[in-house]
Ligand SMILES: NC(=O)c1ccc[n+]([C@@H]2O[C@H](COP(=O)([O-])OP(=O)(O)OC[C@H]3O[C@@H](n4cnc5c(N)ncnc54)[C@H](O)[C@@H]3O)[C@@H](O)[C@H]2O)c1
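Single chain ahead, written as structure tokens, the form predicted alone.
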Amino acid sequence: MSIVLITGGAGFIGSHVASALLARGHEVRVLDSLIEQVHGGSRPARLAPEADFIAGDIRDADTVARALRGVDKVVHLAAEVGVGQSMYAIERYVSVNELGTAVLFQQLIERPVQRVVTASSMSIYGEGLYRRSDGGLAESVERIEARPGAWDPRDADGAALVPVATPEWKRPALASVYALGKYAQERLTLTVCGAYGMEGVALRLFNVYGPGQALSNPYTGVLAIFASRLLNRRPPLVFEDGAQRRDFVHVSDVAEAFAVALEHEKAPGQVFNIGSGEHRTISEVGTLLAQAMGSPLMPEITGKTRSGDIRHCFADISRAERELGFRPRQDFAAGLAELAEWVARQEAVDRADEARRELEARGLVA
């Protein structure tokens, strides 16, 4: 079996990937900076004790070189995460996500590995794919003005557009600094690996949820933010009218996707959507989570929009199904119940209002 380095491997997704790889017989090494916003500055208990751990910054060439010694494959997860925060913490996001990835590949030129699998994001699509009233597809959709009564994109004639599952061939529409960085990460992976005889794969992750999320990080996944609010007896805050649609995929399915992408012969050189293949409204998800947590609180609809937000985007996972045999297994209701059970044993600082004030102060919420 292989020795696998997971950058950002102490995080929510990374720790699950580590466990999945260890279960398959791989040796796992983790490189993580343990930033305060996500980890509280210490190695999380959820990271398997068998994983060899190196505390360090992905932008530090010497640390990355040390982490790569003897490694056969790499899972690259190290990144700052959060669309909203990326729009004002620009230098930090570009530095970690783009420069950090460049440092990794600079070192990989000297210490090549067999395969690199990088975590990309559904955020690179901007708006998802839509169908026009004439039956044709619209892949370059932008909301000219997002406001009450006009949240959904329309075509040039003002006719309604119907959201459909978004495939990998849809052209990117990079609507945030975070999206720019994730696209740079996936292109660096495919470009540099191709040039130096390594195998590169990029997984475009949709909305990942499950036990182990950073509940006190107000820029993490929406379900973790909602759970933190409910745990502190506050209603989930939902932007716009709550009818925007997303694909929520359980972290166990995502971990399995990384394990398969590291090994499958058809994976190299490709990009794959990793989602559940289902979609739900944000308001519906907030209500279902409250019910799973036994809370009477319903989502609070703010009627406001954030800069960089999109209306609808959910995954077409047919390529991953066809090429990798990827099949999401976790039922959403069961996944929410598991999340609620885990959250009930946690403590969380609700910083959602603080995050909203940060965005409002910079004119990023309207």
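Residue numbers here begin at 1 and follow the sequence given. Everything quoted here is computed from the prediction, not taken from an experiment.
As for the form predicted in complex with this ligand, it is not shown, yet the points below apply to it.
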Original post:
Which one, I310, L47, A340, I58, lies within 4.5 Å of this ligand in the predicted bound form by heavy atoms?
Top reply: I58
Original post:
Since exactly one of A267, V96, L223, A257 fits, which has a heavy atom within 4.5 Å of this ligand in the predicted bound form?
Top reply: V96
Original post:
Out of 151 to 159, 284 to 292, 109 to 117, 200 to 208, where are the residues with a heavy atom within 4.5 Å of this ligand in the predicted bound form?
Top reply: 200 to 208
Original post:
Is there a non-hydrogen atom of L21 within 4.5 angstroms of a non-hydrogen atom of this ligand in the predicted bound form?
Top reply: no
Original post:
Any of the heavy atoms of S121 lying within 4.5 Å of this ligand in the predicted bound form?
Top reply: yes
Original post:
Though only this chain appears here, would I35 touch this ligand in the predicted bound form if you measure heavy atom gaps against 4.5 Å?
Top reply: yes
Original post:
Could you tell me if V81 has a non-hydrogen atom within 4.5 Å of this ligand in the predicted bound form?
Top reply: yes
**OP:** Scan 231 to 255 and write down, in order along the chain, each residue with a heavy atom lying within 4.5 Å of this ligand in the predicted bound form.
**Re:** none
